[in-house]
Every structure is written in structure tokens, then in C-alpha cells.
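Here's a solo chain for you in C-alpha cells, the form predicted on its own.
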């Protein structure tokens, strides 16, 4: 694997950076954090107007038909800006689920709405704080009516529909676990927000009481579909995390260069130099792995599971380390509410669990490597 982003893709990056610098300063992120709003509605409208929600959706369904390299660039810049919008749930997860497994009728109905931003999708898989497995799944489907509870669901309080994992109770919909598409505006669906470490990215509890559902994909293959979607989304989440890690590094660097102790900037002291250098090395390593993931995703390479897990693990580690060391660089003031160090720290902790923990992805990496060696 050896590639670089093209001139056009780098122009997209410059455009995204300029747009987000103007429309998503840290003051906006803090405002959402300190309010009861689930996201910044105006920023979301502007992102839709930029066409980013339509990036990888084929033109036949109202999208731009671009590649995952372009989407990786957008993900990184949204992560760098700490954007408080439901982009990842709707684009990395719900859209990917439809592209991978949706029927033609489902694609015709939902993809144009996702592309135009008139609908938001979410991914309702988790049911508790513990690790989900096919045997632990308690949400059930009888006929085509779904019953159960999903928590936490990222952007579940904002979404118009959800991709839900459930177990069939009869042979009518196949054996085992399947994926379903559920309209969340039904009266049989109840939603309530749940608190998280990062209130600028909302989460919800969703309860289904015999709610109407549509089968998504092949009956009984919901768990394998989940793994495919997770691999694809992991690359995009990793890019978002790398962008956030760079924000934490720059925040620490700027403070160190402007904070004086004993007559000179603290950035000139060896301890701070080493701290910032270590952050940079970890960020660079994670970005290298993200390049590998972007290549595998954009070419649909057989090594995508390995590349995705590698990118995900290194990005989780880099973001958390950068966010933590940013606070330490600021000293005691880094722990106060008035400083913005909390923003990347909160986001690093939240994104580290959105599609599974670091430990889960380390196990997936080991399994993926073993599978390739046996192939």
C-alpha cells in the first residue's frame, strides 16, 4: 500500500478546514456542551448544504458518488473541529448499513433523504454497559414487530430511523440474529436522552414495544453484517479521532509557547518538549495506520478487517494520550471548567466506545490477523 491524497482531495481538505474554522470554533462546541441542545442545528444545516452527508452515496440515489478517501478527509476535519453534529451515526453507520444490505426499495426511500439531510439515521445495537454478543441479545422480533431496549444509542434522540439488531422468535424471519430498519416516529417507540461524558454528542435510550420493523439484509445474518459495518465505520471513526488528537496537540503546543516560567516559555523546557514530541509521534503513527485503513476501505481490499482494527486501536490510543497530556501541559488550570482542554478529552473518551472498546478492537485485530494467516 502506497498512496497519497490527490490535489483535488487536498483542496477538499483546505475547503473543509476553512469552513469549519469559520463555522465551528471551540466557543460553539462549548455552547452545545453547556446547553440542553443535542447538537448545533445551524452547523448541521451548513454541513448538509456543503454536501458532506451525500459524499459516498451513489448519484442514482441523490448522492455525490465520491470515494471513501474524500469521506476520510471530511471525517478528520470534523474530528479536528470537535463538531457537535450527528454526522458519524448517520453517515458512517446508517448510510453504510443501507449501502451494504438495503433492498432497492429501502435504498430508494432512505438514501436520497440521508444525502439531502432530510433524514438522520442511527445505529441501535448496544443494550447495556457490557459487551454485546449474539447470545446476550435481548431485543426480539416476532413477525415484523420488534420489542426491546437499546442503550446507549448515539444520536438516537435526533434520528428518524434506526438500524436495529434483534433476535427472531419465530422461523418467519429466519433463525438467529438479524438486522432491521425501524422508523423511530412510531407511537410504539419511546426515546429519552441519557447523560454521557461528552454532552456535545447526544445519546439516547430507545424502547420498542412491538414496533413495525423491516428486515435489512439476509435473515439470520445480522451479526456478520454488524462486523462488516463496524470494519468500515472503524476507519472513519479513526480518522475523526486522529483529527481530534491533532487538536489536543496544537492546544498543548500553543499554550506551552505562550506560558512563561522563570522568564522563558515552558515549551523550551525539555520535559515539555518530550511530552509534545511523544504526542506527535503517537498521532503520526495513528495517521499512518489510518492511511492503511483508508486505502483498504476505498479499494474494498481483503485486508480491511486488519486495517480497520489497526487504525481503530492506534487512533483510540493516540487521541486519549494527546487529550490527557494536553491537560497535563496546562498544569492545574487544565482541569478547570474555564479552559477548553476538557473538550478533546471528553470527545476522546466518547469516541473510544462508540463502536466497541479498545479491548474489543484489539481482539478483533488478533482474530483478523489469524484469519489472514490461515487463508
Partner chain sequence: MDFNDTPEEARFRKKAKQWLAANLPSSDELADLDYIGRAKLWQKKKYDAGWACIRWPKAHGGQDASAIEQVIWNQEEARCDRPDGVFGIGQGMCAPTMMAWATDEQNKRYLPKLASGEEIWCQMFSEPASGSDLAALRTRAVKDGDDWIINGQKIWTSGAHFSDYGVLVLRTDPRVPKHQGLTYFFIDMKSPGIEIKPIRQISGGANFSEVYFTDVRVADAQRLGAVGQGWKVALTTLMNERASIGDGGGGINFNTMFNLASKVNIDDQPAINDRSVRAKLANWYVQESGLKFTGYRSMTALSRGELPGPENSISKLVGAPKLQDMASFALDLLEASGAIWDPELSEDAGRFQAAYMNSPGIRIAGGTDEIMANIIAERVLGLPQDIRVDKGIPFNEIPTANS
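Quick caveat, the model's predicted, so the values are computed rather than measured. Positions refer to the first chain, counted from 1.
What follows is about the form predicted in complex with the partner chain, which we do not show.
Asks: Which is the contacting stretch out of 201-209, 137-145, 290-298, 95-103, given heavy atoms within 4.5 Å of the partner chain in the model of the complex?
Replies: The contacting stretch is 290-298.
Asks: Is it true that 41, 44 and 228, all three, sit within 4.5 Å of the partner chain in the model of the complex, judged by heavy atoms?
Replies: So, no: the whole triplet misses the partner chain.
Asks: How about residue 253: is it within 4.5 Å of the partner chain in the model of the complex, going by heavy atoms?
Replies: Residue 253: yes, in contact with the partner chain in the model of the complex.
Asks: Report whether the minimum heavy atom distance between residue 313 and the partner chain in the model of the complex is within 4.5 Å.
Replies: Contact with the partner chain, yes.
Asks: For residue 4, is any heavy atom within 4.5 Å of the partner chain in the model of the complex, or not?
Replies: Yes, residue 4 sits close enough to the partner chain in the model of the complex that at least one of its heavy atoms falls within 4.5 Å.
Asks: Does the partner chain come within 4.5 Å of any heavy atom of residue 365 in the model of the complex?
Replies: Because a heavy atom of residue 365 falls inside 4.5 Å of the partner chain in the model of the complex, the answer is yes.
Asks: Select from the listed residues 128, 188, 169, 277 the one whose heavy atoms reach within 4.5 Å of the partner chain in the model of the complex.
Replies: Of the listed residues, the single hit is 277.
Asks: Could you pull out the residues of 257-276 that have any heavy atom within 4.5 Å of the partner chain in the model of the complex?
Replies: 257, 264, 267, 268, 270, 273, 274, 276, in sequence order.
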